[in-house]
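The chain that follows stands alone, in the form predicted on its own, written as structure tokens.
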């Protein structure tokens, strides 16, 4: 199969929608990462998504809608709280977990009773869903477990020849996946941090519980809960702790690894990149630590660039848990597959 590159204009959207209606798979840009879209109500298309990604059946998919008014197509019940959240955050990077509607194939939800749903922000994404005439199941458009794609080239590197087309909308602006909020629990529960912060949710709703514990197996309530996810091929270590102590740990580890003949990559904010520039390490700066939106937007692309140079290990520093930094910590923790060093 030759994967077509389609432009995000009327002709490209029409061509992509025709492929989706025919049961084919099309990657498309959202505000978070590129999604691998297929007809969420077509069991064959859903099966093709799992096959193209090599995704295990216990990891559910997020269903994307063009408009919140389409929720009854996929959800058995729409609680009043949805209206409050939709008014504040949709279209946008918030996924809601609701009771699964009967039209949704059980494969979409990993056999579970709930379905994860969102309305993406980019007009091109919503235009594609509208033109296809069906909700789209769309996990990240990469091989399962690998670093998520934030531009069309990343999609092609992982899935070229395995899917029908990529709708090329350029780099995605947020760079990490959507926040997942479970509304089927007694208290709304954050399963995955993402583009909508915990602070913003609590400002609107009051109490929001924290869930999303690292999962090892079995059916999941949400994507993004596996112990190893978003991962490079290279071994990655994350250090969490006070800034100066963490930076010193990076220096010591890089020196020791280099002395042992191991090639080292550093995935760090600009301040660290400047202070550690004397090391014999391959450094990918992420932007200023205080500009966490920039760090998040650059994270996956920088990780892919480092990984492509095949270092023996990649070292990264945590930037806290305020706002979008919570999502960055979550992604790096899972990319490190538990190789997290806690200082202080």
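Numbering follows the first chain given and starts at 1. In this text the structure is predicted, and so the values were computed from the model without any measurement.
This protein has a second form, the form predicted in complex with a small molecule, left out of what is shown; the following refers to that one.
Student: Go through 26, 314, 302, 61 and name the one with a heavy atom inside 4.5 Å of the small molecule in the predicted bound form.
Tutor: Selected residue: 61.
Student: Quick one: of 191, 266, 165, 125, which gets a non-hydrogen atom within 4.5 angstroms of the small molecule in the predicted bound form?
Tutor: In short, 191.
Student: Please tell me whether any heavy atom belonging to residue 150 falls inside 4.5 Å of a heavy atom of the small molecule, as the geometry stands in the predicted bound form.
Tutor: Contact check for residue 150: no, nothing within 4.5 Å of the small molecule in the predicted bound form.
Student: Looking at the partner-bound form in the predicted bound form, is residue 134 within 4.5 Å of the small molecule by any heavy atom?
Tutor: Looking in the predicted bound form, residue contacts with the small molecule do not include residue 134, since no heavy atom lies within 4.5 Å.
Student: Contact between residue 296 and the small molecule in the predicted bound form at 4.5 Å, heavy atoms?
Tutor: Result no; residue 296 lies far from the small molecule in the predicted bound form.
Student: Quick one: does residue 177 come within 4.5 Å of the small molecule in the predicted bound form, counting heavy atoms only?
Tutor: Yes, contact at 4.5 Å.
Student: In terms of non-hydrogen atoms within 4.5 angstroms, which of the given stretches 245-253, 202-210, 115-123, 270-278 touches the small molecule in the predicted bound form?
Tutor: Correct option: 115-123.
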